[in-house]
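This document opens with one chain alone, in structure tokens, the form predicted alone.
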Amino acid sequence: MSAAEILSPSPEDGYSAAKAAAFEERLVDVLNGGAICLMTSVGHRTGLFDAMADGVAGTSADIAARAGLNERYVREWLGAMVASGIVDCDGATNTYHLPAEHAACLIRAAGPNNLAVFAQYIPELGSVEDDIVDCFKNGGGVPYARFNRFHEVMAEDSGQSVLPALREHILPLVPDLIERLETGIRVLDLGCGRGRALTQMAEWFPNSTFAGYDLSAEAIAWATANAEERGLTNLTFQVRDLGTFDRDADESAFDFVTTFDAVHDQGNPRAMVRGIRRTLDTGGVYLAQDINDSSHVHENCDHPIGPLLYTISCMHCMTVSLAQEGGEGLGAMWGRQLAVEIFSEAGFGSVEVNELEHDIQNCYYVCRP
């Protein structure tokens, strides 16, 4: 088909001008949405949303002073916020106001509802676009070291999604677990990143011992320094490549093993899960948090954040796996069906899949030998 035929199709070919116009409008919305994500990330990182959280209107100079920032940049940022409908502007007084209804999704005090945290993924992923394009052409993957802030953003994400629900909703998925943690058991978290969940548990349950393993030396260094600063003597971290964990894991070394959003980006996730089965003591339990989706693409069309998750998968989770020797590249959207299959093949006789009412992003697998 020639370029002229593509650009000038006829209704006889089944072409719908209305459908084309609607799609064009949608793409314009996509472009604006991408721009808004960048500016939302800037607003979060600079504290501008927090500076406007009280709802008091102010000029660009007022708001810049509140946030301790450069007025000219703040003024241009406010222009983007007004054009996007996030911030209101009074043209008569040149003052700006963040409505309380918008602040409820944008400020740090909003806790788990702060969606500005997630906006940070867009510029972070964009920073490796050239590397990803090269992978499309030549295969391979982009290693962890190429990402400047991913562990930082993931830690913030976890801090408002996993941590607030950990004691009240997540740990109780395993009956009697909290009582055992209070008495004293051995706990391991794999792919721990900066170890925020593990650190929180170590503080809550001083009679138990906790260990965290992760491939990223930067993340482990941060986690270790944080644990030392908090004076936690029952918590240790190690840099470990989990691709051979099925052979490296100490038998019956732990009573409780966790992974928080960590299986799918491993180079050899099946080996890690087999190692988890091996390292669990008699009566031990493995709890895995991972993305709540289907292994079948067509069943994810209605997922509320499906496009975001597939993008994060392509530009981080899948590619960091493929960057490792023999990496499988499962990707974040590997899905419940494949997860249950892999857990079962590793030797877990019981795999329960749990969803939490407040969490649209994750499901929680409780696996027992």
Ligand SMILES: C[S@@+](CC[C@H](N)C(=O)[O-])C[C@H]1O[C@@H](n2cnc3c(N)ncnc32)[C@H](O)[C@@H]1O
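Don't overthink the numbering: it's just position in the shown sequence, from 1. Keep in mind that what you see is a predicted model, and the values were worked out from it rather than measured.
Missing here is the form predicted in complex with this ligand; even so, the following discussion is about that form.
This ligand in the predicted complex is not approached by F256, whose heavy atoms all lie more than 4.5 angstroms from it. Interface residue remark: Q324 is counted as part of the site for this ligand in the predicted complex, having a heavy atom within 4.5 Å. Among residues of the shown chain, S216 is one whose heavy atoms approach this ligand to within 4.5 Å in the predicted complex. A residue is said to contact a partner when one of its heavy atoms sits within 4.5 Å of a partner heavy atom; L242 meets this definition for this ligand in the predicted complex. Although this ligand is omitted here, in the predicted complex none of N300, S313 and Y364 has a heavy atom within 4.5 Å of it. The stretch in contact with this ligand in the predicted complex, judged by heavy atoms within 4.5 Å, is 260-268, chosen from 86-94, 171-179, 273-281, 260-268. A single residue from the set Y144, W77, F118, F237 has any heavy atom within 4.5 angstroms of this ligand in the predicted complex; that residue is Y144.
The contact residue chosen from T199, S208, N114, S158 relative to this ligand in the predicted complex is S158, the criterion being a non-hydrogen atom within 4.5 angstroms.
Heavy atoms closer than or equal to 4.5 Å to this ligand in the predicted complex belong, across 181-199, to the residues G191, C192, G193, ordered by sequence position.
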